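Before any questions on binding or motion, here is one chain by itself as structure tokens, the form predicted on its own.
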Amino acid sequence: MKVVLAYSGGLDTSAAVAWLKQEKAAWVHAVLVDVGQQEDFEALRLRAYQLGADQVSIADKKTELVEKGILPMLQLGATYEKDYLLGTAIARPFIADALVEAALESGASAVCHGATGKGNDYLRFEQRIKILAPGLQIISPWREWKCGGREDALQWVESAGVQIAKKSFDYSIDANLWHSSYEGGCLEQLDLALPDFFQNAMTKMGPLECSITFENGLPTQLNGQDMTALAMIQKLNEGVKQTGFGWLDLIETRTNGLKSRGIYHTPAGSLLYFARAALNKCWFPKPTLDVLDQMGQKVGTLLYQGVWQHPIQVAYEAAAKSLYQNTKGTIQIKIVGAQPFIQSRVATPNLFSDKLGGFSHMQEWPSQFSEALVFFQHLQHHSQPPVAQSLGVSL
């Protein structure tokens, strides 16, 4: 059997290389998918060969991740359970794409991933693979091998003559361009304080000031300079990391109903979501804001569950693109510690008017509008207006 493996270099997929070679496959192609995780790919490539891989390749999916994944998600403001910015979920379809491409090119009959059956990643990988190449067999080691946990997985790695420091697995780390997630290990003990690493990172006080320009609902300039979204995210990641902004300690509900805890760091993403929301308040009336919020939550749930490119997602992304046409805005933000402060915002169109909404220029607002609003509010919330009731008149 020829097998293509989604190889990250972590414990699970390292163990999978050794297990596949010893138990399943005559030929293993380990695919490292570059989604911006900033790993030492050459060191990971060497480790895969040491573990027994016959071929190791690196697939660069950063640009696709940004243009086809992150930007549409940002434009909609997609979230899961209001807070999670979908950093892991949004990268998985592009990793699955790289696996299928490698399998079809090499004539492999199976693809393998290291996701457990407890989480969500097996759904994200397997649903995408089945859509792209339904004839490929999917191998999930955690559903097949007799492996009770990380200690057993470590034995598979050591059986191939490779040493991985145990202290690296106090908790699991998964990183990409959009975020870093930390799960498992000591983080599953909710009654314990976070390790010093997190507490120190979350309380960094380094300030940051920047301006971000959006056009048609997407970021196009940083500090007045035209920039691709990929370059902007990379630059903002470095700047925001000097502050305590962008961290989230979240208890989330997995698709299978189990609760899990994740510590998520989404530096550039948190800032771009914040900037988008602030400019939206200038661009759109409340009914539009409500619809955008509903669409973002719906698409966020689909992405979280691994339902990629569902017709609803495609339709909502098209609707958001239409709503944002001809919008433009620049927002100046200062971050101190973990708190962002808006310094200024300029938006076109801008529904905020100091003459209409402010406390001066009272003559600009006809008083009969307020009287009419009182009347219609009563019609909406009461069967009859109180005045009509007192007069015994039915309206």
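Numbering starts at 1 and runs along the sequence shown. Fair warning: this is a prediction, and the values are worked out from it, not measured in the lab.
The discussion below concerns the form predicted in complex with a small molecule, not included here.
> Test of understanding: in the predicted bound form, would residue 84 fall inside 4.5 Å of the small molecule by heavy atoms?
Answer yes; at least one heavy atom of residue 84 falls within 4.5 Å of the small molecule in the predicted bound form.
> Does residue 88 reach the small molecule in the predicted bound form, with heavy atoms at most 4.5 Å apart?
Output for residue 88 is yes: heavy atoms within 4.5 Å of the small molecule.
> Taking the small molecule as it sits in the predicted bound form, is residue 124 in contact with it (heavy atom to heavy atom, 4.5 Å or less)?
Within the cut-off, so yes.
> Is residue 97 one of the residues lying within 4.5 Å of the small molecule in the predicted bound form, judged by heavy atom distances?
Answer no; every heavy atom of residue 97 is more than 4.5 Å from the small molecule in the predicted bound form.
> Quick one: find which of 179 to 187, 151 to 159, 208 to 216, 133 to 141 has residues within 4.5 Å of the small molecule in the predicted bound form by heavy atom distance.
Stretch 179 to 187 is the one.
> What is the one choice in 202, 173, 110, 278 with a heavy atom within 4.5 Å of the small molecule in the predicted bound form?
Flagged contact: 173.
> 304, 245, 316, 324: which sits within 4.5 Å of the small molecule in the predicted bound form by any heavy atom?
Contact residue from the list: 304.
> Would 120, 252 and 264 all count as contacting the small molecule in the predicted bound form, using a 4.5 Å heavy atom cut-off?
Result yes, every residue of the spot touches the small molecule.
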